[in-house]
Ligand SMILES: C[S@@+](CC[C@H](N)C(=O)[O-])C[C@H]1O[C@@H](n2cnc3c(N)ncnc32)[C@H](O)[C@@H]1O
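Read the single chain below, which is given as structure tokens and is the form predicted alone.
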């Protein structure tokens, strides 16, 4: 059963009140949305977005016979948050949530082919619409390209050795399943701290297949623009690349200079769009980690929208 990570901490950090409008940009198992609905009440509005139709269908079943907020569920990529709201004739919202983790049933479902824990055809597409799959990358990308994504997206130190072995093996036979790929990686790597050597390569492939980091950058920019003044954005990340990107984005939008250090004066003319609420990321409690060890890498960062006086007057 999927457990929503940092559930209470995330919702509490948003300061939700009855009647507010909330976007759950990564609906997933719906844990954040269910609790948000309780906070915003019957006069509130929730917009749930997910690329996976299964997530939307399952959440519909959960709330079918429950009274509460007005709920809109949209199958789409969260980078389209602005257009989604426009289509719903919603101008601004009071809170946006983004939980960047994968649902446990996605990881274990052979249909997605994203984990070495389950023997399945290599795929890793979240929405199934795209043509790029893990199978395509593993069997057709050049060795240098494989090295680049394994190192960049997986921070894998043995990227060159693993990529070379993959290229050698696919000359004999195409690499078709998650377990085939895992065997190639494990046979070429040392286990570190009990972590499967395939972990970082599979992470890198998932990121590459779904354009996760590029999409996150776009989403963050769009999300703060749809927030009301003092509306809050909460992001739960699960690996250092995501967390670093969120941290840098928040910092770049708090009005501090982001010019290169070699410049003698500031020329970037920074605009303060955010106030960071979490100076340090919120981590799962010991109690949560005992119940859900998968939460160990989760980090929650929260920022509050601050409109300039000029922008306030335009509203």
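These numbers come from a predicted model, not from an experiment. Residue numbers count along the first chain shown, from 1.
Omitted here: the form predicted together with the ligand. The next part is about that form.
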Testing 262-270, 248-256, 284-292, 30-38 against the ligand in the predicted bound form with a 4.5 Å heavy atom criterion leaves exactly one stretch, namely 30-38
Using 4.5 Å between non-hydrogen atoms, is residue 76 touching the ligand in the predicted bound form? yes
Open item on the list: Does any part of residue 51 reach within 4.5 Å of the ligand in the predicted bound form? Heavy atoms only, please.
Closed with: yes
(Q) Test of understanding: in the predicted bound form, would residue 197 fall inside 4.5 Å of the ligand by heavy atoms? (A) no
Could you confirm whether residue 69 comes within 4.5 Å of the ligand in the predicted bound form, counting heavy atoms only? no
Answer key: of 103, 206, 169, 232, within 4.5 Å of the ligand in the predicted bound form (heavy atoms) is 103
Checked 228, 215, 240, 177 for heavy atoms within 4.5 Å of the ligand in the predicted bound form; positive is 215
